[in-house]
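Alright, here's a single protein chain in two forms, structure 1 and structure 2, each given by itself as structure tokens.
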Structure 1
């Protein structure tokens, strides 16, 4: 019989044998969690955690400083991010929202950005970065469903910033995103979100 999921804390033992599990480490033949997460049958799903930038991540960022050579960008992480003027054609101002790719990170905890584009007017929704994969869904299925049912463009950055634009129902789009964030660890979430969106759509 399958065991029920249980919440584990960083450093808590999840298995008395060595197992290759994401967000866990092995010490002296036993496996321990590195995050606050939900553990069940060899799978550990983080419930909270900071954004850890990786090369090729697509992120939503906020221009926080304009320099002669480029722009400092808030990426919702402890890392300092920089976008070189050589990487872009358009010019930005403080507070502008951009969608960009992480080109590389280094041991000094700095990020180089590229392939940036300015985002149109909209609203920023901040969510836990570890919940972004569920908000995006397999092959963009979840975010596409929100787009189709709200008429909004939804751009989910891997860093936990989600940008909602368009003339559709942005309030409904944000409510759906919050629902996914709160229930990311549960089963049957896609069907529940679909039912919620259908029930809330304006006639």
Structure 2
């Protein structure tokens, strides 16, 4: 994202050769983008888009149904997720927030979850899933910075659900997340978020 890149549109050519690029397609020997995205050197990063569940994604979910053998979990995607009771030691109730790993997705896009952990009381912020890497930051730099300045823990699920918890200024933490979401594609964002958090802390 820090390198020279340009915004491309759906249907815009990114290469005059057939190339295997994510979020692109090949037609008559040329390669075109399918999304509004940032393109540079054979890589296309979508700027918006629905969450597409992948194995090993860490997601934030809401327990939506308690069933005999486990739990149905709302994961901000069109597909149902299931967490088997065998995968966990705790017991959940409807409405509990959990942080879990996607174990498996099948061809009908059903999601199997594991390694789940119940999240403490807090608030949920829904953001576009493609912005999550920016909200987490390089080696957790953004979430660490938000914690240091607001006293709130930020758990950002790959699925676009972000859970803010802790006794700190959760209102400021949410504002910082909204700022990152709106400016995810820009340069120097870490510095601007840092400056924003500092200015708000004083006020």
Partner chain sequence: MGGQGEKPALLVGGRRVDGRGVEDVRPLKIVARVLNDAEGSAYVEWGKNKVLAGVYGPRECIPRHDQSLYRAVVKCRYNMAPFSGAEEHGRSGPNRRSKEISKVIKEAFENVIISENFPKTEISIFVEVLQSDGGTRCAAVTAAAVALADAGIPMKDLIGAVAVCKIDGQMAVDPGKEEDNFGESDMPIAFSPRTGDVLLFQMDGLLTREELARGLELARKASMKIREAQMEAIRKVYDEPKEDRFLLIG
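Numbering follows the first chain given and starts at 1. The term rigid core refers to the maximal set of C-alpha atoms that superpose within 1.5 Å between the two forms. As the structure is a prediction and not an experimental result, all values here were calculated from the model.
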item: Structure identified as the form predicted together with the partner chain; value: 2
item: Of 65, 69, 48, 27, the position at the hinge that separates the two rigid parts moving between the two structures; value: 48
item: Hinge rotation between the two structures - smaller rigid part turning relative to the larger, in degrees; value: 27
item: Core-fitted comparison between the two structures - CA shift at residue 14, Å; value: 3.5
